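The chain below stands alone and is given as structure tokens, in the form predicted alone.
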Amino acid sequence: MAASGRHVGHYIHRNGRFLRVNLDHLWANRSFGWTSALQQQAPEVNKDSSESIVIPRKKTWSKTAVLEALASTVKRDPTAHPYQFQDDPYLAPRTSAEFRLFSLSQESGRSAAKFFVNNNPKFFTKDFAEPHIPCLMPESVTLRLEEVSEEALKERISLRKVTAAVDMYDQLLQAGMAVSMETSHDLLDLVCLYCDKDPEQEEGPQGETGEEAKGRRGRMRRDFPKTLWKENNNAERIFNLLPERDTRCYSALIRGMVKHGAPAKAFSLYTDLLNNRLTGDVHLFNALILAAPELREKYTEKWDLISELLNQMSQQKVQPDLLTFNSVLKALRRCGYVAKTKALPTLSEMKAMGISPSLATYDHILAAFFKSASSGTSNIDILLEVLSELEGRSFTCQDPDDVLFFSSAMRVCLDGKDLELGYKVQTLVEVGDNWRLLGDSFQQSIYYGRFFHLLCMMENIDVVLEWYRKIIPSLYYPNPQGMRDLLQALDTDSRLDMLPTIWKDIKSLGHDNKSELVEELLALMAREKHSPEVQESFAECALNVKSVCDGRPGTEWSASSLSYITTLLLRANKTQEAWEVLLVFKAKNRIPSEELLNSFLSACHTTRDSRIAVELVQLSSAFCLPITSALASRALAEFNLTEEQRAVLSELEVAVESSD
């Protein structure tokens, strides 16, 4: 049996080797000529195989590749303050107001340092940074060319010296020297951009003025011009002095007029351009479209003017871009009911031309269909379609209004009380670097404030607290209304045992000086009885509230707040501390309620403290309260009193009855 197996194995081995040799020979001579597709591919394969493959000796990485790789391994710490404040823990902001103040202070210091570096470049000649960081090196801010020449004019234009550039241009004309068309274009762009004024230079500490801060809070959408276009200013004078005026000259002047509040003059100049048989450019039409609603009263007339401009773009063969369609949609926001009928066709036309919408596009779409205090299902449906289209995409800023989309979308979710849609908006924010498009700290605070308010209204308290720990304080500093929303959410889900913890956060966020918020916290703790452990923590919290408020000068206690604190202390059997609070009523001329005095007397009976009971009746008598006689009678009946105490109470009882 073993011998036969050995012979079989030898036979298979010998024939298998023969079969392999023949298959290799057949494969080498095999032709793929029986199919036309393979016949076409064969020469390409041979051609590619004949080319040499160059293997790079090393991989070329960017200079920040290692830093980017390390940064990708680190996640945001939800318990930490924003990174920009971590260098100085003392300046870690607690509130949105402090965040803005410290941010401005930091930027002011940076501006002061930059001003010193730029004005003293001789002290900063060495470059230690690797790779080179241009913003850390001195910039040329002083004029070096004093002779009258076109190069000197270019230098003043590059340094944004508007007045100096205009003076140099006048000197060139007086000297009979010609200025190139390109330099004239740059000069017109500069003068029109800054409305014939020198831009504000970074000269040390600066901050927002009261007017600017008021405008920032009150203005979310519209951009009001800081300076108004003046008649026959230097821009118009230079334009009229030009020997030849082309489209770019008209475009610069028209855009300056629109930017600085002179739309009627802009359209008049556009008519002059057409009379000179010139065509506009896309930037010119974008500015005119934005200004069109200012020249008409009726909504339909405004849209007719916008349509006419679009038709003229087509006739002049000017290709629209993203900002063109965004300008149309932004102008539609001032066209009332017409916006709903024209917004979606404009978006369809935009996509048909192969132009991808930006976040500002969808923000304008939402504004066309959304009105405050009238959140219908149509608004939710529009936002749902928008989010379905944007899902999973990462965006870069292409329009200044891109930063307004997320706060607008969250407002629609909040007004419609649609939590699921709110989560979709937040998910989109977390994709890639979309969080950068939330805007500045003010816009970011608005977005997260709306999101947190929606969570407090609609979500389970455990999820609310999870988000609370996730976004505060690293992303959002809640205002008093935000903390009030959290208190209401805790009340709704019967989690009042967490109120002492929330009080610590209220202190750390700097809201312990908001009397209404503090009183609401005390009212929730004192509304009903809880377990002894919870009552003990409430009493400690109430004492801490009193000590914090007493330590602040000018604190005005209300009768209700003092009543809540006294009640909480009585429930925790802290009679002596409660009596000290009751004395504050007399010191602050506040009158305690009859219910509180009865509860206090009952607590004294529980602790068998006759001394405080007698003093309580005397305090009631000092306030001339009608309940004094009843309190005196209860004290005489329920307490073991000395003869002296009985005499005092009897006298008070008789005195009140006689006065009645």
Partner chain sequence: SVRFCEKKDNVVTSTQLNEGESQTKQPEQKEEQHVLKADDGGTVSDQANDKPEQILAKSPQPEAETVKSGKESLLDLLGAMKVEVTNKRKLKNMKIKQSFESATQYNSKPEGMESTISMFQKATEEASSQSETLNSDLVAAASAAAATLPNRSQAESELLRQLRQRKALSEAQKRGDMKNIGVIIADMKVGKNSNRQNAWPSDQIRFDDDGRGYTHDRGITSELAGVRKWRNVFQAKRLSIFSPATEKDGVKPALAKPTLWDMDFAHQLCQSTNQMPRNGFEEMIQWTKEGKVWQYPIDNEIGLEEEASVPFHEHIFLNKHLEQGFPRQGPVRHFMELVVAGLARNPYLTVQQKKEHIDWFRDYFHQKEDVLNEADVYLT
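Each form is matched to the other, and the largest set of C-alpha atoms that superpose within 1.5 Å is called the rigid core. Quick caveat: nothing in here was measured; it's all calculated off a predicted structure. Positions refer to the first chain, counted from 1.
One more form of this protein, predicted in complex with its partner chain, exists but is not displayed; see below.
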query: 176, 554, 551, 131 - the one with a heavy atom within 4.5 Å of its partner chain in the model of the complex; finding: 131
query: In the model of the complex, the one of 381, 167, 466, 88 near its partner chain [non-hydrogen atom within 4.5 angstroms]; finding: 381
query: Segment assignment from 55 to 63, 631 to 639, 617 to 625, 588 to 596: heavy atom within 4.5 Å of its partner chain in the model of the complex; finding: 55 to 63
query: 4.5 angstroms heavy atom contact with its partner chain in the model of the complex for residue 388; finding: yes
query: Partner contact for residue 190 in the model of the complex: its partner chain, 4.5 angstroms, heavy atom; finding: yes
query: Any non-hydrogen atom of residue 243 within 4.5 angstroms of its partner chain in the model of the complex; finding: no
query: 4.5 angstroms heavy atom contact with its partner chain in the model of the complex for residue 337; finding: yes
query: Complete contact of 112, 544 and 564 with its partner chain in the model of the complex (any heavy atom, 4.5 Å); finding: no
query: Interface residues of 238 to 255 toward its partner chain, as seen in the model of the complex [heavy atoms, 4.5 Å]; finding: 248, 252, 255
query: Per-residue C-alpha change between the shown form and the other one, residue 591, threshold 2 Å, rigid core fit; finding: no
query: Is_shifted residue 61 between the shown form and the other one (CA, 2 Å cut-off, rigid core); finding: yes
